[in-house]
Structures are given as structure tokens and as C-alpha cells.
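Shown next as C-alpha cells: one chain only, the form predicted alone.
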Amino acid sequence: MLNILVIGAGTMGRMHAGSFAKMKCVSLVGIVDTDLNKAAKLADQLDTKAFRTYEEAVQQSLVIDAVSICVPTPVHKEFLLKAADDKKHIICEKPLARTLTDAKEMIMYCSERDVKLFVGHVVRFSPEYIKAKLAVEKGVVGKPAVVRTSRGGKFPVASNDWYTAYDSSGGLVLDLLIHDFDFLRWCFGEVERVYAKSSRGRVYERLEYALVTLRYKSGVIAHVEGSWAHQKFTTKFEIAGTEGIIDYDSSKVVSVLTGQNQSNSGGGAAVPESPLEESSYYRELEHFVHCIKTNDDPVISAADAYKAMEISMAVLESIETGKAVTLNNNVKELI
């Protein structure tokens, strides 16, 4: 049995805690939140304990094998360092940190203390995205050439409205589009160059739009669109290659289509997803629990999470300067 403490009772904390509570091999030992009433309400629902601080939970002499950090980005580091000092394995929501300097320090800190660190890039556990990656690997589209992704929804509402504080959240790019940056790197390798435009600073602060062009060392060109200006959350992607195209739109009933170029016969094959399956978050967290128990390598490493941040930071630099930014891909070993 793996004993897990969840830090944060907001949206992601509820998602993590609810997932852990369903797992037979996990004991959810508590929920931590500075808003004790919010923590207590969630704890009552899941038959566990509530604490105002991490220290209070530790002082209760609870057996804690791992912590799940689901608080705002700027305080990830604070809790990670505490947990690592106590030799607790760590699951941390993305992005790992607000700056690359902090992210690198956090990764090294865990490594030096022989603590496992998992970063929650949930798209790697979404069935549609997994199927798309496998299709690319099998050569369904031939040689990939042009990719377009889109991800958007309402501006997120959270405690102290912290998403509006760009210096803390990194805005749309670091908090939302990082999902696509990680997925595309997973599929197509290292990014060579980025160029981006954003509405930030031009319109109402609670509406944001960004358009990013990524050039990969493999030759693939990707156009990544993000929006916090819509009511309904949707994601889309198109992966076009020399032999065909993969098309996905979460707003459609038939979500994933693969098709051949016009020179070939035949149409597209739909691959619908069952609404009865566990959520991608559940699968992600179940995978991390498995890796803690077995010492297996995770689907996404802490170094992968760092690289996704690195792309995000280059995009933010491009938005700020109005110029293309070339990435340094002389990757040093982080862990």
C-alpha cells in the first residue's frame, strides 16, 4: 500500500485526490490546504483527514510515502523542497516551476536525495494523443511535414485569481500550451526555432490568445494555437505527412480520423473513445504510482518536463521581443 498526501484542494487537488481514493493500492492519508474548510470538505468526501499545512500533516506521525503537489505554480518549489528533505517521492502538476533556474534546482534537489520526481503532463495519457503518436510511428502519414494544434477554453479561475498574475503563472503559454509543446516534442523530437505572437497586454487581461510556430530539427513545422477566450474547452490537432493525415477534434462525436492522400483509395477510419474509461488523470497517476512501487521509468521524465518548459520560455521570449528564438539543444544531463 502506497500512502499519499495531496497538497492543494483546488481543481487539480480534487482531481488527484479523487483518483487516488479509487486506487486499491493507494491510501489517501490526507489533504493539505491553507483554506482548511475547503480541505475538510474534500477530505470528508473521500474519507480522509484535512490539514492546514504540510508540517501539520507530518507532525501527525502519518506514514507518507509520496506527496502530490497541486498548488499554484509559484509555490511548487516550496513544497517540493520540504517533501524531498523528508524523503517523500513527489508527483507535481505541470509546469514544474515558473523559471528554468527553479526547475533545474528542483530536479537536482530530488536526484541528490534519491527522491523520485514525476511531473503531470496528462496529454501523454490521453487515448487520442497516444493513438496519434502510434500512428505516426507506424508510418500512417508517411514522413510528417506539417502539424497544427489548437487548445482553448475559458480563462481559469483560481484562488486569489493568480492566473492573472503573469509573473506567477506564465499565462496561456506556460500553463496551457505547454501540453502541446510536450506532446509534439514526444512525437517529433527537439525544437530548433520558435516564433510567436500573443494578445497579452493588448486586450482585457482575462482574455488571452497566442499563435506559435515551431520548427523541428526533423524538418516538421508545427503551428500551435491557444486561447483563453472561449466558453467550452476543446482540443484539436492535424498531422499531415507525405502519405496522409491524422485529424482530431474533441468537439466532434467522431473524434479521431486517419485518412489517405487523394492519390490513394479509401476513406477515413473513426476511432471513438468510450466515456466509461477512467480519465487521463487517473491513468497518469496510476502510472506514477506503479513507477514508485516498481522503480520503472515513467512515460515522461523530469528532464522531459524541463524541456517542455524550455520551449515555453523560448515562446515567451519571442512574444516579448517580436523575434524568432533559436533553442540551445545541447542538453545536459539533469538527473
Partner chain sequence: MRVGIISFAHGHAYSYTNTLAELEGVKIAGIADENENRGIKAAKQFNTKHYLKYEDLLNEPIDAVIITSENSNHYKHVKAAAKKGIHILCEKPLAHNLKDAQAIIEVCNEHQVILQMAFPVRFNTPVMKGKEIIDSGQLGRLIAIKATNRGTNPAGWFADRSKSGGGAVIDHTVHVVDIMRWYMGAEVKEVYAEVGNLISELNIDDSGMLTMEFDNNVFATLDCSWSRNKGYPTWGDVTLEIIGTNGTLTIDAFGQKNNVYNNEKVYWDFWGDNMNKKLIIDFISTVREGKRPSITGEDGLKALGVAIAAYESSEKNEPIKLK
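Treat the numbers as computed from the prediction; the structure is a model and nothing was measured. Residue numbers count along the first chain shown, from 1.
Omitted here: the form predicted in complex with the partner chain. The next part is about that form.
Out of the listed residues I107, I245, C187, I130, I245 is the one that sits within 4.5 Å of the partner chain in the predicted bound form by at least one heavy atom. This chain lacks the partner; the member of A84, A229, L174, V122 within 4.5 angstroms of the partner chain in the predicted bound form by a non-hydrogen atom is A229. The chain is drawn here without the partner chain; in the predicted bound form, the stretch among 161-169, 214-222, 109-117, 86-94 whose residues come within 4.5 Å of it by any heavy atom is 214-222. The partner chain is not shown here, but in the predicted bound form it comes within 4.5 Å of a heavy atom of Y209. A residue is said to contact a partner when one of its heavy atoms sits within 4.5 Å of a partner heavy atom; L134 fails this definition for the partner chain in the predicted bound form, lying far away. In the predicted bound form, the partner chain sits beyond 4.5 Å of every heavy atom of D102. Among residues of the shown chain, T73 is not one whose heavy atoms approach the partner chain to within 4.5 Å in the predicted bound form. Within 4.5 Å of the partner chain in the predicted bound form, a heavy atom is found for every one of R148, S199 and R202.
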